[in-house]
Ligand SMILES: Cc1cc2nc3c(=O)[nH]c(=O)nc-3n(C[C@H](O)[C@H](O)[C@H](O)COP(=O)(O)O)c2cc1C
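The chain below stands alone, shown as structure tokens; this is the form predicted on its own.
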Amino acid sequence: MSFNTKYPSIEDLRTRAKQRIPKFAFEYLDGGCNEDINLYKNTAEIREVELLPEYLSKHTASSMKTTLFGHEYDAPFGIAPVGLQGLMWPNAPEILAKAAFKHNIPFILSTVTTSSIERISELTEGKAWFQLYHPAKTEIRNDILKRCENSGYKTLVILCDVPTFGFRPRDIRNGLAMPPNMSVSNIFQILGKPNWAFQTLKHGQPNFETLKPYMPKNLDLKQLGKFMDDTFSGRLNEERIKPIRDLWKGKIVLKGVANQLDAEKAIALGLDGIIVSNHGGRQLDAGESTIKPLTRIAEKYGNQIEVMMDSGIRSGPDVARSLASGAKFTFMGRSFMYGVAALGNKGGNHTISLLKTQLQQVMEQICCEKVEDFRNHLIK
């Protein structure tokens, strides 16, 4: 097997990650919003989906290869954008980008993570995707898009499900910011994780590398918070998307779609794909899990736009269930971050290899030869 057999599941990686990183970093990664209802519902309701095996049917081989936006990927899953990755494990975006490139799956760089547009492009030969938090200032938006274009990015992901920041009790208690607030509690947490502390010292304090050109120097925590509030206006609408569609020559994906009306608008705006998502249960605790709107949206619009999904996927069988429910492609955020937090530089390769192995086993078990055939195995 091409993965570390001590950690044969994402849950094993999660357990190890919790042991290796400070509590404030783990709780930022692991938590949802409010009472975490949707966080747990996401995975639980994916796992209500059942697949039908065909044991006596003729079967030659199963292939995970999936063509999306003209590129053939080696598996039908990719790495979702995650903010503050370097806070959870030093150099995490670069570790994951390298692994994604090696395994020929997409890596999506977040605007608010800790590596730059240019560095991730260099590591992936321009094959990464970029996820845009919508800036309030047109000139910043345009400059970020130009940097992406100059760096070779072909796919832009625009985020629609963060009109306001989620209410996250753990992060409030931990005083989480970037860099982290050095309360007495947080200092003791860091002292208790010497490997994390050493790696952070080695790689340097994490920063918002993509946003550096637009940030005043030497901001304290209060000034940083004000800068983020002033710089980003998360609420998207059709009038804000239209100029992006006009400016961006590549593919555009709308991430955070949770209803059919928004899917219709994405199609009308000429977008190329949507990611059905509830932001991993981090924004709205009273909403649906992702698998429910995915099923409705894929059935109605799957032949008009590429329908993808993230939030709650934690295994190869979860990927299979999502594909059977109508997703063309899937993304995971926490699962890969657990891997890096657990295993450092080896975490990206391990997690991708683990998920590939699990998904291949499901395909062979149910007699599914191609990814697009998963829908034929859905028990309705």
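Numbering starts at 1 and runs along the sequence shown. Remember, predicted model here, so these are calculated numbers, not experimental data.
The same protein has a further form, the form predicted in complex with the named molecule, not shown here; the description that follows concerns it.
K.L.:
Quick one: which of 96-104, 191-199, 209-217, 303-311 gets within 4.5 Å of the named molecule in the predicted bound form, going by heavy atoms?
P.N.:
Of the options given, it is 303-311.
K.L.:
Does V257 make contact with the named molecule in the predicted bound form, using a 4.5 Å heavy atom cut-off?
P.N.:
Flag for V257 set to no.
K.L.:
Under a 4.5 Å heavy atom criterion, is H279 part of the interface with the named molecule in the predicted bound form?
P.N.:
H279: yes, in contact with the named molecule in the predicted bound form.
K.L.:
Should G273 be classed as touching the named molecule in the predicted bound form when contacts are defined as heavy atoms within 4.5 Å?
P.N.:
Residue-level check for G273: no, no contact with the named molecule.
K.L.:
Does L343 reach the named molecule in the predicted bound form, with heavy atoms at most 4.5 Å apart?
P.N.:
No, no contact at 4.5 Å.
K.L.:
What is the one choice in V112, L284, I117, L236 with a heavy atom within 4.5 Å of the named molecule in the predicted bound form?
P.N.:
Exactly one listed residue reaches within 4.5 Å, namely V112.
K.L.:
Considering the named molecule in the predicted bound form, which of I46, A324, L354, L29 comes within 4.5 Å of it through any heavy atom?
P.N.:
It is L29.
K.L.:
Given the named molecule in the predicted bound form, answer whether the residues G83, Q131 and R334 all have a heavy atom inside 4.5 Å of it.
P.N.:
Yes, each of G83, Q131 and R334 comes within 4.5 Å of the named molecule in the predicted bound form.
K.L.:
At a 4.5 angstroms cut-off on non-hydrogen atoms, which residues of 148-167 are near the named molecule in the predicted bound form? List them in order.
P.N.:
Heavy-atom contacts to the named molecule in the predicted bound form: only L159.
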